[in-house]
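Next up: just one chain, as structure tokens, the form predicted alone.
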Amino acid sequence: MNEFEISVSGEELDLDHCVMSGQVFRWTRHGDGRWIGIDGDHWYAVERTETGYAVQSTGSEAEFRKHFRLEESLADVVAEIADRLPESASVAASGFRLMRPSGPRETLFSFLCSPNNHLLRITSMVQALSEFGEPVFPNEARRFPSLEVIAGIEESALRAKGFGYRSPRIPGAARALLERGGESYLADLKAGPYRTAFDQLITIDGIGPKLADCICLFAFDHGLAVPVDTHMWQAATRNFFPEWHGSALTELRYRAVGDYLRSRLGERAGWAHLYLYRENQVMGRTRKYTESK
């Protein structure tokens, strides 16, 4: 077990915000105030200190820093993109980082649990999937199961755990990935161009454009990916496409929103999506509060 201190300001890293933002789903807050998280082959126990975070881990400090992209100054990232975003989106960026999960397989299947779902339920479903993996971490925490194991899970076993209509899709996706080359296929999608990964993913049953972009951004580290959900659509029509305000999100409009951010921000489009998403969440709550008074 390794122990190390990360000296970082709250403006550069708000760990609570990052791990509860829907980018990752295997972090839980314990009663003693620590965050316990699993990322790929690594287990983390993290406690806030006056100067940053104290970490116990099976991984190294370098791996923790990579997970939260601490090699980049958040202030520099925000300064780079701020003039192309609304001011309120830049405010929402404080301490909020685009994370870098280490395991494409784990991240892909975590997002397969996300459609029409909320964070608490996604987290419980990812936990249920992880129970099919090996117990290799402290406190019986488990490594995420292999493609072969997921492909062999009976649909009835997932239905019993509350996966509903996702029950056949999850082992089905694992079988499809194995037919295409398994882990090496995932590695190729991560190493290759964003558009190739996106186009390949949407040929798998159960993966549509928004889910494909989530997988591209978080599993494959493609900064050009822009997942467009309800919050992102509302932010886009309010800030960039007012003529579409109140309109349905079609396939063509989905592509237009992503292309617009990619044309303005390049590889920072994925970062910008986070801040626009967060801005809409905050503004939505503010509007509801104001309207209720």
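Each residue number is its position in the shown sequence, starting from 1. If you're wondering where the values come from, they're calculated on a predicted model, not measured in any experiment.
Quick note: we don't show the form predicted in complex with the DNA, though the next part is all about it.
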property	result
Segment assignment from 170-178, 74-82, 203-211, 141-149: heavy atom within 4.5 Å of the DNA in the predicted bound form	203-211
Any non-hydrogen atom of Ser94 within 4.5 angstroms of the DNA in the predicted bound form	no
The DNA contact at Thr49 in the predicted bound form, heavy atom, 4.5 Å	no
is_contact(Trp271, the DNA) in the predicted bound form, heavy atom dist at most 4.5 Å	no
Ser114, heavy atom within 4.5 angstroms of the DNA in the predicted bound form	yes
Contact assignment for the DNA in the predicted bound form, among Lys66, Arg34, His231, Arg262, heavy atom within 4.5 Å	His231
Partner contacts in the predicted bound form for 145-163 (non-hydrogen atom within 4.5 angstroms of the DNA)	Arg159, Gly162, Phe163
